[in-house]
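Have a look below at one chain only, the form predicted alone, in structure tokens format.
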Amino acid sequence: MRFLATVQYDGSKYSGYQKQPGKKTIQTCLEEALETICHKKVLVHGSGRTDAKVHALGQKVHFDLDLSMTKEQVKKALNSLLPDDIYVKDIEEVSNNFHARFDVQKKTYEYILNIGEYNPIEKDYVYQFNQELSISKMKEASAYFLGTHDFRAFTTTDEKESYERTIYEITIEQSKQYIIFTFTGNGFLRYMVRNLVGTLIEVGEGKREPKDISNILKSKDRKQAGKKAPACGLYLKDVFY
């Protein structure tokens, strides 16, 4: 029986989602918990990677179990075994040909930034930028990212056959001292959201003009874009199928 789980986690103490030899990762914790339940190894397939120190409100994973357990029992068993900074929010049964990664239609990421006074309590969860930014200029610049583009200038890997992605929606809103960036697209390259945010921050600071985004996209050159924003402010908010 194949299950699809919605998983939330605080990534601040993890080396990312994907398992790596000798490192503490989200996938490793999930697989270890399932091995305890099933008394054999169970492979967990995620909707995609999140990097070290990145959080998730709605990561999706699937796995196969040949035990006679209801989805409620699986959820309860997993949460009793997982560390307290990882939580299975929901589980549903899916068809055996469903795949958490390959069936993704779109994803939403959220990035949170503090432009107010430094807050040491939230330093692992909100980027402490602690300076004013022009939201109007950042909104103007973000419009250039909408649609389908080659985002080679906003990723640091050369492993992809295609750098083309489609961004459906971007919102930039301020709530008290926080600025919240939300990106929804059909997929995102490694570090892409953090590089988009870093470049938008430079626009908000007045270091770049909104219209510069068009030339950066055309350049396909990572050196033309802004600095990568820190991982702490990034959240995988939702995955859609």
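Residues carry their position along the shown sequence, with the first being 1. Remember, predicted model here, so these are calculated numbers, not experimental data.
Another form exists, predicted in complex with another copy of the chain; not displayed. Remarks below refer to it.
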*Answer yes if any heavy atom of Cys38 is within 4.5 Å of a heavy atom of another copy of the chain in the predicted complex; otherwise answer no.*
no
*Determine whether any heavy atom of Glu169 comes within 4.5 Å of a heavy atom of another copy of the chain in the predicted complex, and answer yes or no.*
no
_Heavy atom of Lys71 within 4.5 Å of another copy of the chain in the predicted complex_ = no
*With heavy atoms only and a cut-off of 4.5 Å, decide whether Lys227 touches another copy of the chain in the predicted complex.*
no
*asked:* Can you pick out, from Asp85, Glu110, Glu164, Glu140, the residue that has a heavy atom within 4.5 Å of another copy of the chain in the predicted complex?
replied: Asp85
*Have a look at Glu117, Glu132, Glu92, Asp150 for me and say which one sits with a heavy atom within 4.5 Å of another copy of the chain in the predicted complex.*
Glu117
*Hey, of 53-61, 203-211, 189-197, 30-38, which bit sits against another copy of the chain in the predicted complex at 4.5 Å between non-hydrogen atoms?*
53-61
*Residue by residue through 1-17, tell me which have a non-hydrogen atom within 4.5 angstroms of another copy of the chain in the predicted complex.*
Gln8, Tyr9, Asp10, Lys13
